[in-house]
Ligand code: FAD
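Encoded as structure tokens, the following chain is the form predicted alone, with no partner shown.
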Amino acid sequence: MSTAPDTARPTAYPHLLDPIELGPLRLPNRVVMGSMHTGLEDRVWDLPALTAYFVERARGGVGLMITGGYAPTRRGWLKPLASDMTTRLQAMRHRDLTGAVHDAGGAIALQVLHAGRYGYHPLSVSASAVKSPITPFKPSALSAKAVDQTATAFARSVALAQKAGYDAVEIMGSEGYLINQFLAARTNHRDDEWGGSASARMRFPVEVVRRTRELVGDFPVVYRISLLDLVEDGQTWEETVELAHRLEEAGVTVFNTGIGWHEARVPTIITQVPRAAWRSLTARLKAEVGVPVCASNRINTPEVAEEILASGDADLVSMARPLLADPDFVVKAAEGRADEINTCIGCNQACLDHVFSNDKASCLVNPRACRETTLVLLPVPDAEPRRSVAVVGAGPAGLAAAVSAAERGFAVTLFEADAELGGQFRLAMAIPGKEEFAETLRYYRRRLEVLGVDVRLSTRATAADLAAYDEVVVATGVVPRVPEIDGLDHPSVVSYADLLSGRATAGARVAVIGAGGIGVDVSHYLTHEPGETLEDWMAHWGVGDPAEDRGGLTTPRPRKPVREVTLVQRKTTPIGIGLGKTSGWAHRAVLKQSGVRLVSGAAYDRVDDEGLHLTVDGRPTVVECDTVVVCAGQESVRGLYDELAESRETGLHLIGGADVAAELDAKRAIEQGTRVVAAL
């Protein structure tokens, strides 16, 4: 039985919750859960977990869900033995998944994706033998006959998806995968009927759609079209529009939009990308075609989605990671509970970073994502006495533990020594481009209120205060580590915590000690020019108009850093090398754009009136500066836990930074807080 929201009642999001027809498929609202590979697609034994993942989101009211990519041929695999849809047996196995989604009131589309030169295996193929910069394998060039066969294989995969019970299919023609590789002169060096001119390069995707339509009748076909390649020798806007017209004529039902290839050196979805940054391109495409168009990328709230639809910029809105973060996104929006949505913060740490590291996806703010069958918060049986749980510390770990315990039905008291919730997470949201982190604290604050948790701020819990509780979860966090460097008592020295909290300010010239994630963030904070607009952001990254600049790339405009910053580390490895796999490069690029001076392999000698004294490559040097910011790691605060451990034999748990102090690791902290409570 469906739990989809009743869209007949008055709502703050009338356009978002308005039904729409995609050929014979009627959707109850305009929310599309965009495709994202989770790692659950690749093995048949993971189908039950994948089913549970989609069923939870179907119950949450999503209009249409799109799976991760399934290859139409083995050479199109994303990695060895990865997901494909090539046999009738595979299609029949998927009927349990599609049937469960339909029973939950949802609709689901299978994405057909050929990796092309992005395939992480030696059998990869492409339009031409041009190696990708993000994989170690050089692809073979498809013969003209093989191109023709591959176009037919796409159509056959769609027909199998139809047999499997899917409601629609999405053909992946974006993000630099095989179809995109045929479309761009960058990767298509052919001089036969499949290349040599823009028109010939378009033949492959048009044939894919035409043959698909011949096989499946009026079955809805979504085509993911690249609006902005963001790579050299990418498509022009004129070419994109011509392609859209030809695809529409061939039988596309809906255009979903994609921005940037995976190898592009412009961020497109991470936190520092402004919300709905690419909507104007979607609006431009919508004005050119007669079929519905779906907006995508960095749309993470119902307010932003509603505004895009209300303005006429799109007909549907695609949100992938926001539905990882909160499977009940649509229901909450429809029921007037948008303030209870667990908002995606665009961090990539547990979703794309996991997938690109050959691990299964999850979500930093929702560790149950893709673990719906293994990380379960079972309600406490009514027959059992209601146990009491005390959580000490309201950083990410403590907040996750308190909310999870209350959701299970425990009587929860949350103690926090500070006057505000959030712990060190409050510092993260001070970083330019990480303002979204405030949404997580908003979510937890509201969730504690809804669940009736007894929150005691400005209260430092003692062992005596906790003696009566059945379970005590200690999440007392960390304090900045103070390294042994002469002169750290100098007036110019401040900790990162004091700087980001506003208790301290920095001068015009700053030396930052420690170049981990916090040091990189602090350097960005110190050099950021306030008041940056979307146009400024685009200019700094060199994003141009594809009608004038092929591929949408132009010369980047230099940033104007407000301070002179030197970032120093003891390690000899490149600074920022340990940052996130899919976002670290962008953070390192911002340092370069802002003129941050990087110093590795330094020994810290002392701080005095001259500045920060170092020894680098055996030679003494001085970083002349007004302020020295210490970002030298953290130390666990666990005195209370040690005291409690002397008197409690059971019911005592240590989580988060108090357990392991490591670079403000919110992903680990939130997951640990959830898992500890799930096991109670």
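Computed from a predicted structure; not experimentally measured. Residue indices: 1-based, along the sequence shown.
What follows is about the form predicted in complex with the ligand, which we do not show.
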Quiz item: Could you tell me if L364 has a non-hydrogen atom within 4.5 Å of the ligand in the model of the complex?
Solution: yes
Quiz item: Does the ligand come within 4.5 Å of any heavy atom of R460 in the model of the complex?
Solution: yes
Quiz item: Heavy atom to heavy atom, is F415 within 4.5 Å of the ligand in the model of the complex?
Solution: yes
Quiz prompt | Proximity of K434 to the ligand in the model of the complex, heavy atoms at 4.5 Å | solution = yes
Exercise. Check, residue by residue, if I66, I171 and V209 all come within 4.5 Å of the ligand in the model of the complex, counting heavy atoms only.
Key: no
Quiz item: Can you pick the stretch from 257 to 265, 99 to 107, 546 to 554, 475 to 483 whose heavy atoms fall within 4.5 Å of the ligand in the model of the complex?
Solution: 475 to 483
Practice problem: Would you mind picking the one in W77, W237, F425, F410 that has a heavy atom within 4.5 Å of the ligand in the model of the complex? | Solution: F425
Quiz item: Which listed residue (A333, L160, I518, V403) meets the criterion of a heavy atom within 4.5 Å of the ligand in the model of the complex?
Solution: I518
Quiz item: Taking the ligand in the model of the complex, which residues of 365 to 397 have any heavy atom within 4.5 Å of it?
Solution: V392, G393, A394, G395, P396, A397
